[in-house]
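One chain follows as structure tokens, the form predicted alone.
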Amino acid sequence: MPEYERMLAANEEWARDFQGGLPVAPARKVAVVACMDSRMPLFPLLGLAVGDAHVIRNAGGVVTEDTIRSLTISQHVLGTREIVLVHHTDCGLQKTDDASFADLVEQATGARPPWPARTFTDADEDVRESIRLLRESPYLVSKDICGTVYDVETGRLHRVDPDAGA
């Protein structure tokens, strides 16, 4: 059975108890930017319920133009005021570099990506870079940002000091 069939069946189970009727604006006025890593179950990890937060996920949880676009909409249209970044240990983006990744894609497909993969070697430093990019964005109403790194071995988060190493 294809995975999507299993997911559709699981949705039928979930929908039986679905309450619905939640407002479009997140109840806790927070947006989470996190890596897409499958080992990070963000809702239980952060104590969130459906309707509590906007969740934006991408490879590495890095701040890109589209991340800023989504956060700008989240803040201006839907009232979020805090941003929580969740990077993690043992990230796939730590296992390559931008040039090698672009070479790999070009060799496999014949097309070189026009965007950088945004690889990194140090998760804490990359969280600091993400905070810097968000603080510098002219589009965000609130710069109330908490950066964290999730340890995939222990399940614990640690807060990253945005000014350490500066």
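Heads up: residue numbers just count along the shown sequence, starting at 1. Everything numeric here is computed off the predicted structure, so don't read it as measured data.
There is also a form predicted together with a further copy of the same chain; it is not shown, and the following applies to it.
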Is it true that 82, 92 and 111, all three, sit within 4.5 Å of a further copy of the same chain in the model of the complex, judged by heavy atoms? yes
Does residue 132 reach a further copy of the same chain in the model of the complex if we count a contact as any heavy atom within 4.5 Å? no
Hey, in the model of the complex, does residue 99 get a heavy atom within 4.5 angstroms of a further copy of the same chain? no
Using the partner position in the model of the complex, report whether residue 124 sits within 4.5 Å of a further copy of the same chain, counting heavy atoms only. no
So, in the model of the complex, is residue 3 in contact with a further copy of the same chain at a 4.5 angstroms heavy atom limit? yes
Contacts with a further copy of the same chain in the model of the complex - residues in 3 to 30 whose heavy atoms fall within 4.5 Å: 3, 4, 6, 7, 8, 10, 11, 12, 14, 15, 18, 20, 21, 22, 23, 24, 26, 28, 30
